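Have a look below at one chain only, the form predicted alone, in structure tokens format.
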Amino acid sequence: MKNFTTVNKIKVALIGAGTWGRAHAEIYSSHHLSEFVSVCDLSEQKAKVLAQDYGVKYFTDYEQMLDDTDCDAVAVVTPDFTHAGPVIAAAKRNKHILCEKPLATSVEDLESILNAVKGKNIQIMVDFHNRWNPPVCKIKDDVDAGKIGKIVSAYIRLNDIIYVPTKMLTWAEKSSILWFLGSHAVDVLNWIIGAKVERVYSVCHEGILKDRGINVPDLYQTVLEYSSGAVATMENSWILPDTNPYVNDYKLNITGEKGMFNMDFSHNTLLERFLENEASHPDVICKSRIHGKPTGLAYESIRDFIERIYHHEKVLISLKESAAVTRIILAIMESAKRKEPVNVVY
């Protein structure tokens, strides 16, 4: 691995020039420890526009970009189901990797990634940015300090309005609400509870999205049984009405032997805005900006990755944890299909 000095910056190549890819580009180009050097996207127009905005090279083939670009790290910001190829290509070239969630959406892709990084002196982190979510972090700290005793049960609800699969994403049918949001929910539960999911039982509902030509389930209701004895309930839906005041509907309950936490992330009243033709609660935590700078929790995970790579520190989310999320979601899907409990295979 290259030794970085106070002069050298982490050179980052970006794969994926969509909306969230642009957020990555902004951070890499502005952080004092990183340098944004190139971007790749299947859409030449998207890649070219983003490259011109930041004065970097652009490509439409990530293999070519990785061969022709001097970089230290690669950010994989492509749709859920397309992570394996770019991650494996970057690993083969001994690049550090920041991958958007989830790590993989099939056992085959997951095993290919794990084999590609085995023995490599590189770091790979999946961007489960709720690990930088202030209320979630407070809950985690208090749980670790023993303030509510042993966790008995948990409930997490992470849903989206129907705009997301029908209008925002062009590839929703190739993914699932479980990959898109459920992966975050599973990671939050695993992190706070601190034990392995042994068995899952899930049911799903279909019809609303299928009637709109998108062949994916509308929602999943899931029970997760942990090795510690804790039982968690997880709700993930892609069909909330667009009139909901928030894109996400996010709630969390953690109950222990001696106490309880309740988090309502989507209906807080930190800021209420009443305009002539609009009443809203603007986001001031997740993707907020201060003095023009992106500062929310969704950006802090990216910054943290840069800083830890620069300082030769371990990234905060291990590959083992990220792989576990994929295995758990695959078990959830299998359970919903079979309509019976399924053991998670690690």
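As the structure is a computational prediction, the values presented were derived from the model and not from experiment. From 1 onward, residues are counted along the sequence shown.
Absent from the display: the form predicted in complex with a small molecule. The rest refers to it.
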- Item | Partner-contacting position among 79, 256, 135, 194 - heavy atom within 4.5 Å of the small molecule in the predicted complex | 79
- Would you kindly say which of 43, 64, 52, 280 lies with a heavy atom within 4.5 Å of the small molecule in the predicted complex? 43
- Message: Using a 4.5 angstroms cut-off on non-hydrogen atoms, would residue 219 count as touching the small molecule in the predicted complex?
- Response: no
- Taking 4.5 angstroms as the cut-off for heavy atoms, does residue 95 touch the small molecule in the predicted complex? no
- Is there a heavy atom of residue 180 no more than 4.5 Å from a heavy atom of the small molecule in the predicted complex? yes
- Item | the small molecule contact at residue 169 in the predicted complex, heavy atom, 4.5 Å | yes
- Choose from 67-75, 140-148, 271-279, 95-103 the stretch whose residues reach within 4.5 Å of the small molecule in the predicted complex, heavy atoms counted. 95-103
